[in-house]
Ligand code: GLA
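Take a look at this one chain, the form predicted alone, written out in structure tokens.
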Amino acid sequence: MLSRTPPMGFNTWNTFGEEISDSVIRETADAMVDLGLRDAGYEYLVIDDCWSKRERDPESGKIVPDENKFPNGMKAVSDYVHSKGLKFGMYSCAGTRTCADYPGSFDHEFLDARTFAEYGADFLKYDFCFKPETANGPLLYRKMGMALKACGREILFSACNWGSDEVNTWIRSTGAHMYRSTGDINDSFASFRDIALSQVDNLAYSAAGCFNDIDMLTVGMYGKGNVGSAGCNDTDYKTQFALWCMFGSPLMLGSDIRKMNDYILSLVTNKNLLRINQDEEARPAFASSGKAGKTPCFVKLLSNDEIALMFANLTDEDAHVQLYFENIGITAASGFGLEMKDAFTDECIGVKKEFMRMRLAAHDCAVYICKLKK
């Protein structure tokens, strides 16, 4: 079963945009292996928009790679990625053109799916730009879902319609393994905060086989790259990554892996956070108060009778974040509390009961893996 847990990997768009090439992909593949990212679970290396020529081949009708960017063709790139023990991903669009105005797959779905299979693709990100006004969004994703079923290769289907058409209510039926439920992220605290909070009510739609994708991570970009903004600091990135892990979102890195610093590497390979994200039961998180707000506490039930808690200060000032254990089903009369281990330090802070109130710096968070204890 593809996508039993949230897919993990790297996508070129956030850093490189149109500036992709054979050498960029090969160097990134090397870095994913050398830095231990592959061994941590980041297995997909995905080329986003701008990889092809501006028009289809007039004889075959196929989308063809830009020979200036990929002089050896796409199969050679795919073979190199596979030689590193990684999986290879590609991009297309449900419309007539991609978002950057390259050929889309509208009415060419079966031909394009076979082409991606010939390249050795293991993953397809499928965008939603430039569709005819009369085209039905759900049907467009069903068409590509069927085309991928018929292409002769197992390809993970990453639907990217930005949350349009109440996508969470029907996307699983198309065969998609993950689906974008938000607009585009940029490298700012406000962007990832607002994206995360917008999806709290939709978390229950995400489950094994088809995960709610709240967009590619900007962790480690520091204002550089294709979606650069003011950039974020390490505290911001800590909170972004923890939110993505708690929410069970696919973890698609977007910073330049070749330049990843030690702090970011340790963050994105944090075994406790990855265990929360990759938990085999794939249960959704929920806000302990029923409302997220900007000082939320999120709760996620894990396998092995464990419970993950995340306290987050999503304001621009120091603030308190509180948890009433009653709100997550642990009554005072039960006599139970939670034995809590800090996900970042592995420190056990003992058993807490009934109520917690934590003071956190602006944009900061605390994450615990817990067990019920008397």
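Just count from 1 along the sequence shown to find any residue number. Keep in mind that what you see is a predicted model, and the values were worked out from it rather than measured.
What comes next is about the form predicted in complex with this ligand, which is not displayed.
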Among the candidates His177, Arg180, Lys300, Lys238, the residue which, in the predicted complex, approaches this ligand to within 4.5 Å (heavy atoms): Arg180
So this ligand isn't shown here. In the predicted complex, which residue out of Glu43, Asp49, Glu339, Asp66 has a non-hydrogen atom within 4.5 Å of it? Asp49
Looking at this ligand in the predicted complex, do all three of Phe189, Leu217 and Tyr222 come within 4.5 Å of it through at least one heavy atom? no
Though only this chain appears here, would Ala287 touch this ligand in the predicted complex if you measure heavy atom gaps against 4.5 Å? no
Taking heavy atoms and a 4.5 Å cut-off, does Asp122 contact this ligand in the predicted complex? no
Does any heavy atom of Ala196 come within 4.5 Å of a heavy atom of this ligand in the predicted complex? no
Taking 4.5 angstroms as the cut-off for heavy atoms, does Glu109 touch this ligand in the predicted complex? no
Work out which of the listed stretches, 96-104, 287-295, 263-271, 142-150, brings a heavy atom within 4.5 angstroms of this ligand in the predicted complex. 96-104
Contacts with this ligand in the predicted complex - residues in 148-166 whose heavy atoms fall within 4.5 Å: Cys160, Trp162
